[in-house]
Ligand code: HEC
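Given as structure tokens, the chain that follows is alone and in the form predicted alone.
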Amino acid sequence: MKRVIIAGIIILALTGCIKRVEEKSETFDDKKAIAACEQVIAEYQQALKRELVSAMTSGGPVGAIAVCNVAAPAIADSFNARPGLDIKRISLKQRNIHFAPDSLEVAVLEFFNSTVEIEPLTYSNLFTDSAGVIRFRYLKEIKVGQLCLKCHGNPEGFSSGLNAALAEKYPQDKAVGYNVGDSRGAFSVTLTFPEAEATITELLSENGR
């Protein structure tokens, strides 16, 4: 797996709203933090995929739209009930306007989108925000797969039912026109300390680490 650290360039572009932690706490282990983020992303992705495959099997792409509209946010909420953890899916061409990326995420997504890497890229950074709260940000790129094209491909090939469902649920939808291998967006995880310490331990113990 490839990792890309682009924190310096991005943070300089954010007019000083956040700053990187130059001297990490002796108790902070970035490898464990990254492993925990990867674990929660994998669990979230698997849970969402199960719902989508089930919906596609029973109701086709129209059924999958209903899952994304209702089930996906509920799945994210279930993970975000853990202390100090926030996970979401973001994109420069979002379908749900309530999940628009923040300024740091936009910069990372633009970088991801500018590359031609086959494997998903990642970004991580430990920083303090303007209120002095320490947070760890981790983003993992989402690549477009063949199944994604059912709802995110060329809309001219969508059924009238699917186009109607998208117009109803997402009237400002921008998440179409993708091809296999495109950068679709990213999973964005934020760990807030010290609350997230217990969550990291729990996630890693679940995975036997």
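So that there is no doubt, residue numbering starts at 1 and follows the sequence shown. Bear in mind that the values here come from a model prediction, so they are computed numbers and not experimental data.
FYI, the form predicted in complex with ligand HEC isn't displayed, but the following is about it.
Student: Mind telling me which stretch in 131 to 139, 110 to 118, 96 to 104, 79 to 87 gets its heavy atoms within 4.5 Å of ligand HEC in the model of the complex?
Tutor: Checking each option against the 4.5 Å cut-off leaves 96 to 104.
Student: Tell me, yes or no, whether F28 is in contact with ligand HEC in the model of the complex, where a contact means a heavy atom of each within 4.5 Å.
Tutor: No, F28 stays farther than 4.5 Å from ligand HEC in the model of the complex.
Student: Using heavy atoms and a 4.5 Å limit, would one call N125 a contact residue for ligand HEC in the model of the complex?
Tutor: Although ligand HEC is absent here, N125 would stay clear of it in the model of the complex, with no heavy atoms inside 4.5 Å.
Student: Can you work out whether K32 and ligand HEC are in contact in the model of the complex, taking contact to mean some heavy atom pair no more than 4.5 Å apart?
Tutor: Flag for K32 set to no.
Student: Does ligand HEC come within 4.5 Å of any heavy atom of I65 in the model of the complex?
Tutor: Result yes; I65 sits at the interface with ligand HEC in the model of the complex.
Student: For a quick check, can you give me the residues of 48 to 79 that have a heavy atom within 4.5 Å of ligand HEC in the model of the complex?
Tutor: Heavy-atom contacts within 4.5 Å come from L52, M56, P61, A64, I65, C68, N69, A72, P73.
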